[in-house]
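Quick setup: one chain, the form predicted on its own, written in structure tokens, and binding and motion questions come after.
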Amino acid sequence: MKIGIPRALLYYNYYPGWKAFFENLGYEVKVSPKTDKKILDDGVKLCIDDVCLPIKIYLGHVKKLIEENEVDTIFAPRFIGVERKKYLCPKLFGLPNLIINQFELSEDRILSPTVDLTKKPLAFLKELISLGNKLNCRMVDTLKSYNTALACQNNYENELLSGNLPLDILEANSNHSDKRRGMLDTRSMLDTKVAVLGHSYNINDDFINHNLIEKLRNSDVFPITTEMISKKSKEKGLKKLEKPIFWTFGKEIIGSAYSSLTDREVDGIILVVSFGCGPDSLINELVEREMKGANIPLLMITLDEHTGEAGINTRVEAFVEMLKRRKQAV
């Protein structure tokens, strides 16, 4: 059986773990190709206008897997939350239903375990065992695969903490990997460091953000993302808030931004957001106010299907030039 995983949304967060889980159970994993114009256009046609760009992209990838990669089933988890008392976007809750309705898939064409770690720690394990049963696997094999997957996921997250981006690791044979090695070698020598904050699917999809990371690297700027900032540093940054944030990604972004401010490790911040994202509208306001008060330059880039590359180029080049002149003036 071939299990198809869309290269979108939380692919950049959890793909190594899911890949190890299925492969250890003896299944082949197929990933959709990188986002391109056709995938974007297909996704746009499948959604109403009010849906955010990442969801449109996701549906475009699902269509690609169903039509061209000849997979037997689509893996689309129902993500509720990945930590206690914190939640993900409501659109992720209903994603499996959206796929089933949009593509008229039968139950055997989609695998959609519920990932809910908000309350009961064992609930996720039960979901995995249920998933294993659906794949006709013995419980002992499912649990062994889970342990292997957990180890792979932990290794992946440790590599991210050491300064790699998901793209650097997931596309090991690409230019990203070569560029990564060069950037890591010269990290301490680079004068300019910029925190690039936002949802992983916006930061790591080169097509929708118009190669933002490469633009920075080509300008000798070291990009620091939320994945590279330790949990301890984020928690320290979050202490500035009067009330806790109950959105996991919002918490990650604010914790990273505020810790960057406290530690003064970056020269500026680029905030990448999706047009129409409800939680981000609050997060952006909080980050913007704090950065203004601390005199940290902030560039906000809003993405949708109409965003042009020329506009991003101009703004990023001007921002980087301003940061470098500012450092020289000190």
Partner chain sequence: MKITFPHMGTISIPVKALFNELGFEVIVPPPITNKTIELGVKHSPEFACFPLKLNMGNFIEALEDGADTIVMGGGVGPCRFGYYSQVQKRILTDLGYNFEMIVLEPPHSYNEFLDKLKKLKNKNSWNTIYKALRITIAKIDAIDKIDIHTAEVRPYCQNKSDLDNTYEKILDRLDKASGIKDIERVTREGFDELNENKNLELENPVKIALLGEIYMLLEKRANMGIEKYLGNLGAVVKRNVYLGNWVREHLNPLPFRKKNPAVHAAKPYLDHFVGGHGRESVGDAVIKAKENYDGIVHILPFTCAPEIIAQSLLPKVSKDYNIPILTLSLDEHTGRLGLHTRLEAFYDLLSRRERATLEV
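Residue numbers count along the first chain shown, from 1. Because the structure is predicted, anything quoted here is derived from the model rather than measured.
Keep in mind that the form predicted in complex with its partner chain is missing from the display, and what follows is about it.
Using a 4.5 Å heavy atom cut-off, which stretch among 73 to 81, 138 to 146, 210 to 218, 196 to 204 contacts its partner chain in the predicted complex?
Within 4.5 Å of the partner lies stretch 73 to 81.
Hey, with its partner chain in the predicted complex, do Gln153, Leu161 and Ser230 all fall inside the 4.5 Å heavy atom range?
Contact check failed for every one of Gln153, Leu161 and Ser230.
Is there a heavy atom of Thr192 lying 4.5 Å or less from a heavy atom of its partner chain in the predicted complex?
The answer is no: Thr192 has no heavy atom within 4.5 Å of its partner chain.
Could you tell me if Lys45 has a non-hydrogen atom within 4.5 Å of its partner chain in the predicted complex?
Answer no; every heavy atom of Lys45 is more than 4.5 Å from its partner chain in the predicted complex.
Does its partner chain get within 4.5 angstroms of any non-hydrogen atom of Pro121 in the predicted complex?
Output for Pro121 is no: heavy atoms all beyond 4.5 Å of its partner chain.
Within a 4.5 Å heavy atom cut-off, is Leu125 in contact with its partner chain in the predicted complex?
Answer no; every heavy atom of Leu125 is more than 4.5 Å from its partner chain in the predicted complex.
Note that its partner chain is not shown here; using its position in the predicted complex, name the residues of 270 to 286 with a heavy atom within 4.5 Å of it, in sequence order.
Residues within 4.5 Å: Phe275, Gly276, Gly278, Pro279, Ser281, Leu282, Glu285, Leu286.
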